[in-house]
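As structure tokens, one chain now follows by itself in the form predicted alone.
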Amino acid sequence: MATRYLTAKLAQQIDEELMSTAGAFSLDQLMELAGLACAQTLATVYKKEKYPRVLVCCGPGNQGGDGLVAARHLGMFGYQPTIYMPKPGSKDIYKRLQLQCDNMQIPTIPPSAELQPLQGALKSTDVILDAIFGFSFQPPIRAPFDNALPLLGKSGLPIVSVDIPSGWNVEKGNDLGVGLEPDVLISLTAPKEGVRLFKGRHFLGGRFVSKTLENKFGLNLPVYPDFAQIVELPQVEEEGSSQKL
């Protein structure tokens, strides 16, 4: 059986169960494991000898938190990450993750309505980690992201997107044509319906789904190799060959 692709409703339900009494995970735990998987994916595809400078683009929600964790791990892996946050998150967990990056001496581009700081950063970047919007994104793209996203897309740099490429609908994909077109995707927990036909290299991460949860929702997840936090998914099958909710 093929791995199950998730609708927005089921993805949200699984997240809630992971952090419920039955799942027993804290948000900190899930972000740490997800961010580590993101960093490992980028390091697997883009070796630091050729792509040392990483621009980690973080949104204000949980997706951005995953990006901050990934930035810290990339720094520990020997990369040179720089954090770009058009709109920093306000929650305490976000501020703590930012402080952890500060303590690793990872530079952060100060928030600005102007695009010059981002344009300057892109000139000294080898690869972009996109952790701006998650599966709860709803169009239209609002300021300050509406100008930043096209700039990232037109940069010509390779892009690694976290869970769902920023600007994509979780079920319809890039149906409006406003989202990023990444070279690599790291789905978390299980892949989403909107990326069923994604043509780039596709990895699955977040090695925290219990057997109980996997069986309950019929996820049919692939086996992770050894101690790796990620597993590469095969080329996409014909549409309709996997279960759809």
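For clarity, every value in this text was computed on a predicted model and none was experimentally measured. When you see a residue number, it is the position in the sequence shown, counting from 1.
Separately, the form predicted in complex with a further copy of the same chain exists; it is not shown, and the next lines address it.
- Residues placing heavy atoms within 4.5 Å of a further copy of the same chain in the predicted complex fall in a single listed stretch, namely 100 to 108, out of 82 to 90, 100 to 108, 160 to 168, 122 to 130.
- In the predicted complex, no heavy atom of Glu193 sits within 4.5 Å of a further copy of the same chain.
- Contact annotation for Asn215: none of its heavy atoms lies within 4.5 Å of a further copy of the same chain in the predicted complex.
- Proximity of Tyr51 to a further copy of the same chain in the predicted complex falls outside the 4.5 Å heavy atom cutoff.
- Using a 4.5 Å cutoff between non-hydrogen atoms, Glu181 does not count as a contact of a further copy of the same chain in the predicted complex.
- Contacts of stretch 3 to 40 with a further copy of the same chain in the predicted complex, defined by any heavy atom lying within 4.5 Å, are made by Thr21, Ala22, Gly23, Ala24, Phe25, Ser26, Asp28, Gln29, Glu32, Leu33, Leu36, Gln40, listed in sequence order.
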